[in-house]
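Below sits a lone chain in structure tokens, taken as the form predicted alone.
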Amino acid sequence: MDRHILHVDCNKFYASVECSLDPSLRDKPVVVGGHEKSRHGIVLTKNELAARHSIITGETLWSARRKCPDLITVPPHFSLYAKYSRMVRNILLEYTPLVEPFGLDESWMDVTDALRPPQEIAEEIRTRIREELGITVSIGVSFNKTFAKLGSDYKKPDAVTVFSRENYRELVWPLSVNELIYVGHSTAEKLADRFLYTIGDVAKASPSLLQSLLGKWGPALHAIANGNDNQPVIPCEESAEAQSISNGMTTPRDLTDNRDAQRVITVLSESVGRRLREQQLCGKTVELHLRDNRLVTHTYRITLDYTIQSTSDIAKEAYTLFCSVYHWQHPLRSITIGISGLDSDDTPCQLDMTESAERDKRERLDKAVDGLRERFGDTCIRRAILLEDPDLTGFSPYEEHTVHPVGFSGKTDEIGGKT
């Protein structure tokens, strides 16, 4: 029997919350934007009226104002968005305990065991959230998670879309392959080289061809395009455990060479490593998110044969990955470093006679430095590379910087990975 999966996506979430709390904004074009003086002056989200002026998420506020002179800009209030996210989730939990968060503003639900049709449940949820919270959601209904998410994106705002066994070939297959949450820019380019542009093109392609293009991910993508996605909905209490540790920064100036990038990667690795050690975690997968000065984001990852925790190891692996994938076609505006594939740092692992011992020394040294910083402040000990350009690296991302909570896009390029 097919499952009944819903994907609930809050429309223009940050802006919708702001307009819900301040009725005077509801009939005006509004964007939620960052702090321009610290180069975070970009559009985080916009309401429907602002979207009509072709304002897009990620563009600069000055560019948005040029498109819409009457634009109203409000600063982000993340604690409020987290509160609304919890209220939305509480409504969903009234229908099933199988609710899986996907960032602040999205969730999957499995209502297979419900006594009512899934579309009826979706319509009721959509109405309740609008009437009780003053924001709107779009909901996709399908027999798997991937198509349910496609459904929530298919028709916006305040809508329900059903992708069934009977209609998915007609409705899903004509969509661009980029619409799949697992397909990033690099994967889409590889597929386009073989004239595979739509989800239907991938569904009808030979699995062996896809494997030759994408490795083991090729047959998996073929299965997903044909509706064979068996991923379960993971309930809140099971998905609450951290999946990754990351920190990012919008730099005070554009980065223009490898040394600039190495400095920023090092200061971010300090924060990520310290947070891993505090939570007694280590990880195998290094993630690198780069945004250039055109506001185009590039995401890469590599999975190692061993887990890492020390700042030096994180910085080394992240910088090696950076040098292998980025060749300065454009200056960079921001960098984020992350470690995923997490495990407890006391989990037994296979050791070798040399490098494992050296990694252990680096980790013990880092823990000693963490203790000093806890007592005397974060700047009591600094790596020499961070003293070369104080304007660029003279801050503590651990103490001062917060990565804005955003929904996971899934647009990653795997570099030598084993996931």
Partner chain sequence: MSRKVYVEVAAVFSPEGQILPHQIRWEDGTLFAVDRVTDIRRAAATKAGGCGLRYTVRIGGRQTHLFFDEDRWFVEANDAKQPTA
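Numbering follows the first chain given and starts at 1. On a predicted model such as this, the values are computed, not experimentally measured, just so you know.
The discussion below concerns the form predicted together with its partner chain, not included here.
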Interface residue in the predicted bound form among E124, D153, E132, D158, criterion: non-hydrogen atom within 4.5 angstroms of its partner chain: E132
Among the candidates K83, R169, H185, H330, the residue which, in the predicted bound form, approaches its partner chain to within 4.5 Å (heavy atoms): K83
Heavy atom contact within 4.5 Å of its partner chain in the predicted bound form, the stretch among 359-367, 375-383, 58-66, 24-32: 24-32
4.5 Å heavy atom contact, S20 and its partner chain in the predicted bound form: yes
Heavy atom of A223 within 4.5 Å of its partner chain in the predicted bound form: no
4.5 angstroms heavy atom contact with its partner chain in the predicted bound form for V296: no
Contact test in the predicted bound form: M87 vs its partner chain, heavy atoms, 4.5 Å: yes
